[in-house]
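Laid out below as structure tokens are two forms of one and the same protein chain, each shown alone and named structure 1 and structure 2.
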Structure 1
């Protein structure tokens, strides 16, 4: 079995920053990435809030560059899907589609994926009107009517993006105000996005594909139908911790409990980026976690020679 000082699970901005720092410190470093560099960031066409890029930067390109930068200092990447891990052994063992790997430390950078509605028909209508990524699937709804479900920055960004393509965009939110940044609110009005307050999606209407949604007013219980060709679900994210289930402490929402040092409840195991308990989940905070985790992983290795 091949062994490393540091195994990073997940090749997003948190993972590759950690790998950059540990590799530069002369630690043997493996990044296990299931698809391609960048993580969620790689599906974002323009990132406007990562410092150093006044004209914005393409998320996919930034991911590729982070991979190359870590690689330049000796970090290795293997494209494998992690299927399980033993975090309490010495060394720790990571099981993957490309075989098993031993790591003296492990940095978990697995990120999060979109939360599902959890209602009937959602799975079979995936790709037939139910979507989770406006910049990915929006073009399929050119000139059509769509619903965006959610009230955070992702939902509002999706609604604005779709409003430039679609004939009509509804934004359905279960509260009476948005959690999104204030700067977006004016843009929504200007783009003619119709906001449906205090409502949740309770059913999907279909023939061969989605034809509409049933909404319930959470205050009055009143139901209404909305004809729609598509629904973009943007009701939050779920941390990807299944592969480490039961081996370290999670909070109630499923995030790995770790403070600024990125140390988890298991010595030698660190969590960075969106999968960690933290207030602000951004590319820049994920990258910052990577540097912190690398520092404390190095410290751990010096104490456990």
Structure 2
């Protein structure tokens, strides 16, 4: 079984930033990624809020560049699916489709994925009108009409954010009152966001990209079509923490409990990016987590020679 100073599980911006920093510090580093460099970032065609790219950057391309930069300093990447983890052993053991690997420290960068509508055409239209992050993709809809689907704080915050960019914003919610904090209702009215109550999205209309949505009133069954250039799905995110359950402390939503040091409840195990408890989940905050985790992983290794 091959052993490393640091095993990074997940090759998104948090994972590859951590790998870059640990490899540059002379620590043997392995990144295990199941699909492709970049994680969720790689599914975004244009990222325009990552510093250093005034014209925006393709998420897939940015992921590839992050991988190459980490590898330049000696980080190794193996593409395979992690099937299990033993985080309480010394060293920690990561089981994967490509074999088992031992790590003196482990940095978990497994991310979180958005809950989807689960209707026909959703995957096909991702990046062509279907989006899951208003602060990531909102600028692409400046001056246009968009729908936000959801009724919690995230959905309302997305609608308010988009109302400053878009000509018209609809907030579609399947109930007759918001789950979001009451203070938001007044703000929605002031910003001109139109709430469509008791409704759910049942179909996506498209030509080359999204042109509108079909709504169904959940009480009457009545259907209507709403012309829209985009839909932002804001019905929650699911952290990829199934293999950490029972080994690490998780919060009520299933995220790994870790502060700005990225330390988890198990010494020598760190969590970065969307998978950990945090207020803001963006590419730039994931990268910052990676740098922090690398620093404290190195500190841990120095204390456990």
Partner chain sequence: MTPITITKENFDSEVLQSKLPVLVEFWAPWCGYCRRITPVLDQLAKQYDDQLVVGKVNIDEQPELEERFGVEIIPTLYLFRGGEASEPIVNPGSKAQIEAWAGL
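Quick caveat, the model's predicted, so the values are computed rather than measured. Residue numbers count along the first chain shown, from 1. Rigid core: the largest C-alpha set superposing within 1.5 Å between the two forms.
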Name the structure that matches the description of the form predicted in complex with the partner chain.
-> 1
Comparing the forms between structures 1 and 2, identify which of 80, 93, 113, 157 marks the hinge between the two rigid parts.
-> 113
By what angle, rounded to whole degrees, does the smaller rigid part rotate against the larger between structures 1 and 2?
-> 56
Aligning on the rigid core, what is the distance the CA of residue 170 moves between structures 1 and 2, in angstrom?
-> 7.2
Rigid core fixed, the Cα of residue 197 shifts between structures 1 and 2, in Å, by 3.7
